[in-house]
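Form predicted on its own, single chain, as structure tokens, below.
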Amino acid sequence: MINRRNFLKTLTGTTIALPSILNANENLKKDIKFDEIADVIIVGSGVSAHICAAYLVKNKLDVLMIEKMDRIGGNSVLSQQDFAVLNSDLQIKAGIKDSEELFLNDLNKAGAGYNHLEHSLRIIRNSNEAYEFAKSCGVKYANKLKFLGGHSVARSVETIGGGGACIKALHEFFLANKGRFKNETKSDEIIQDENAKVIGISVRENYRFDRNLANDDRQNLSGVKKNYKARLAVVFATGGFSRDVEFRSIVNPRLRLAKSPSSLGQTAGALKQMLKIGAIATQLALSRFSFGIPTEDLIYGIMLDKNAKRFLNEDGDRQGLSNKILAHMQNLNTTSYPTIILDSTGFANSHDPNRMQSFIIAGKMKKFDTLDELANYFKLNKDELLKSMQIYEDGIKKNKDEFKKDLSKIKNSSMSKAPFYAMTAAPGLSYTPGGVWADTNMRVLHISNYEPIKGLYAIGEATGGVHGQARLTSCSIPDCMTSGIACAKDILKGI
């Protein structure tokens, strides 16, 4: 730090060296009392945290995992956990020909060139090792392969029981191998020594997340402050910031309008802690959306805005459609989401009628015998609704859609046959591709020199630049697992 004496020397002409950005960091500590000590501290408890922790405790390290929420798992327990694996036992058994080049091409196509190839290759080349390691820890996979959208071949395995079962198995393995876990423990600050090495974190135990606060990270003062020391490393496996409306609206104003199905704990607090000590932020404005209805079924219906007017071609992927919806809402200066409408023929054409029926049972989609009922429920002007539907019908008769939808795909769907089915089209921000930049050993790099910040790692969704514009389906789990194992191996290498 520049003190008064050194500042005065500069004024009198004495030459001094400028302080480096590292030495200016207010988190540097010379003397501090630690309340807890472990070889490795892992912040977060999702799949990346657990696979890293499992690998470390299997190799006899003392690991302390902390979670700010009152339950384990973060977003991972909400995930179906489909897992893209190159050359898995199931692929080999099925005789499926796959390759690094084929998988890489699929990742690049989804990422639109925004994804860093070294991380794509890290995912591909280590996916089978991660899959086999997860099985050795008790995670169960179905004896079948899925051929999912965006993939050139069937390569995705199905986690039996989804994210909840996966986290349960890994957590039991972690505890059985003497791992330590504390929930409702929030990391507040990264602690560094006089040489800028990360040596621990300042936390609050007995912290209670408050969903009613506008910004829990800034406003919530609950808990008892403690200091934890890490002999070897601190690993941030803290996920993304899809629930942090304030932060996501700064990095991309359009994201203010999106809903989020993510865990409530997905805020930007941990990201800010890493940025505060010099981590590099990358691709924070990117987004990945989920959607309330399978987007391949939207082609059989129409989407109307709050004015009951159609505004897009409904045939598209969830990323493209979500961005068009949010852009249109911005243009209308509204927070009202559009409405998806299908008639009885369009509803029956769904690729998975049982799933569509489950939406009705769950209340996500409504069934209406008349258009009056539909218009009243969604607060749409009936005259404009009928006009939009008639324009669509006329386009079908002329085989010329005003938004250039390929009408040869709609299987005789129309807007004329009751009953009608409708639901709100609300893009859900389910994943944030941006985060801190790390190398393929998952060491967080410093913005001043692009060298690793000693003792600091980030894995899973806490990192950025891995997936690019759109994360390929079923590639979150191989990213989380391979990054967790790569991190663990690098820590072990340094012993």
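Given the structure is predicted, the values throughout are model-derived calculations rather than measurements. Numbering starts at 1 and follows the sequence shown.
Keep in mind that the form predicted together with a small molecule is missing from the display, and what follows is about it.
| in the predicted complex, do 99, 127 and 155 all put a heavy atom within 4.5 Å of the small molecule? | So, no: the whole triplet misses the small molecule.
| So, in the predicted complex, is residue 73 in contact with the small molecule at a 4.5 angstroms heavy atom limit? | Yes, contact at 4.5 Å.
| task | Verify the contact flag for residue 52: yes if a non-hydrogen atom of it lies within 4.5 Å of a non-hydrogen atom of the small molecule in the predicted complex, no if not. | result | Output for residue 52 is no: heavy atoms all beyond 4.5 Å of the small molecule.
| task | Please check if residue 78 has a heavy atom lying within 4.5 Å of any heavy atom of the small molecule in the predicted complex. | result | Answer yes; at least one heavy atom of residue 78 falls within 4.5 Å of the small molecule in the predicted complex.
| query | Can you check whether residue 69 is within 4.5 Å of the small molecule in the predicted complex, heavy atom basis? | reply | Result yes; residue 69 sits at the interface with the small molecule in the predicted complex.
| request: Could you tell me which of 54-62, 423-431, 31-39, 437-445 sits within 4.5 Å of the small molecule in the predicted complex, going by non-hydrogen atoms? | output: It is 423-431 that comes within 4.5 Å of the partner.
| message | Give me the residue from 234, 270, 341, 279 that has a heavy atom within 4.5 Å of the small molecule in the predicted complex. | response | The residue in contact is 270.
| request: Go through 82, 296, 89, 384 and name the one with a heavy atom inside 4.5 Å of the small molecule in the predicted complex. | output: For this set of options, the contacting one is 82.
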